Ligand SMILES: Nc1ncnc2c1ncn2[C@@H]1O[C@H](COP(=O)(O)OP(=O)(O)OP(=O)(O)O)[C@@H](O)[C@H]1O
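Take a look at this single chain in structure tokens; it is the form predicted alone.
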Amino acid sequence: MSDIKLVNVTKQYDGQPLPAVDGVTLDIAAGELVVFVGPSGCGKTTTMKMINRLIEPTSGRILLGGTDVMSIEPNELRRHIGYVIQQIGLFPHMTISENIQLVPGLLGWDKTRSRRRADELLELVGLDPVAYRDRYPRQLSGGQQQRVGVARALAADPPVMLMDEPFGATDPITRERLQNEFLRLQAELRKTIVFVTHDFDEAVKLGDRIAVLEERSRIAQYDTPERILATPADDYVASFAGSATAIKRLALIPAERLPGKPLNVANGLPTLDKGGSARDVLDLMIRWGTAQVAVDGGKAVDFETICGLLGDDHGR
């Protein structure tokens, strides 16, 4: 795993009076998922793209595992950093397996190893290799294509991943499923991840820490989701957190930790699979108009339990 350090990083475009990114300093620990959140045009994507040199910094230093990225040839650097974007970017004339094998092929892996790795990753992201490896992107749904995009980014087992609004083009239900699947993957793989979004709820759900960015990527607050929700640094951060902070804090509580009555079967209750949060439980209750939800089929969590959490300003 590799940590990431940004030291006074600036991007100044020719002909522009102000820098697009102005002196960002940030430490990201190895294995940590850090979310950049901020309004459109604040520089969060520009900052992320300087890490893999898709955009060259004007000044400052970016270190991956202690090595300055400017000392690494750009294409070589990018082969060791997974990159996932909203538009996915799968090649339409290539099969799903061939898309996933792209980077291993560039790194000189033999075909047998590359194919085996593609099958492993399809299983990892919840797609049956036998059913999907020989399909083409047009034969997959948007959510399935997004899973393949994540699999492709993981193909060469990069220590670092950059993700730019990766779930933004999907419908709300698909987006929630992808987020849950991604949290499951990260718990297993522990990659160092920089994740860009404009959606604060998504940042709270996914991030170990959140960097709330203002204009020109100036950092308004860099902290855990819990601390940002409980003690926003200023009115700007508070405006991002919104008024329903108690509801947002539910997203930080794993559903599996909630107390509930044991169930042998779901008994017709809506069911939340592993990886969800107390917020997901509440969402299911509202969607189905029920006072109970089965969590992983093993216990029934009731509405009073969720109400108790909403009244707790301190518990996770």
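Keep in mind it's a predicted model, so treat the numbers as computed, not measured. The first residue of the sequence shown is number 1, and the count goes up from there.
Missing here is the form predicted together with the named molecule; even so, the following discussion is about that form.
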| property | result |
| --- | --- |
| Listed residue (41, 262, 289, 66) with a non-hydrogen atom within 4.5 angstroms of the named molecule in the predicted complex | 41 |
| Partner-contacting position among 165, 208, 157, 98 - heavy atom within 4.5 Å of the named molecule in the predicted complex | 165 |
| 4.5 angstroms heavy atom contact with the named molecule in the predicted complex for residue 20 | yes |
| Close approach of residue 46 to the named molecule in the predicted complex, 4.5 Å, heavy atom | yes |
| Partner proximity in the predicted complex: residue 186 to the named molecule, non-hydrogen atom cutoff 4.5 Å | no |
| Partner proximity in the predicted complex: residue 80 to the named molecule, non-hydrogen atom cutoff 4.5 Å | no |
| Residue stretch of 277-285, 33-41, 249-257, 56-64 approaching the named molecule in the predicted complex, non-hydrogen atom distance within 4.5 Å | 33-41 |
| 16, 86 and 198 all contacting the named molecule in the predicted complex, non-hydrogen atom within 4.5 Å | yes |
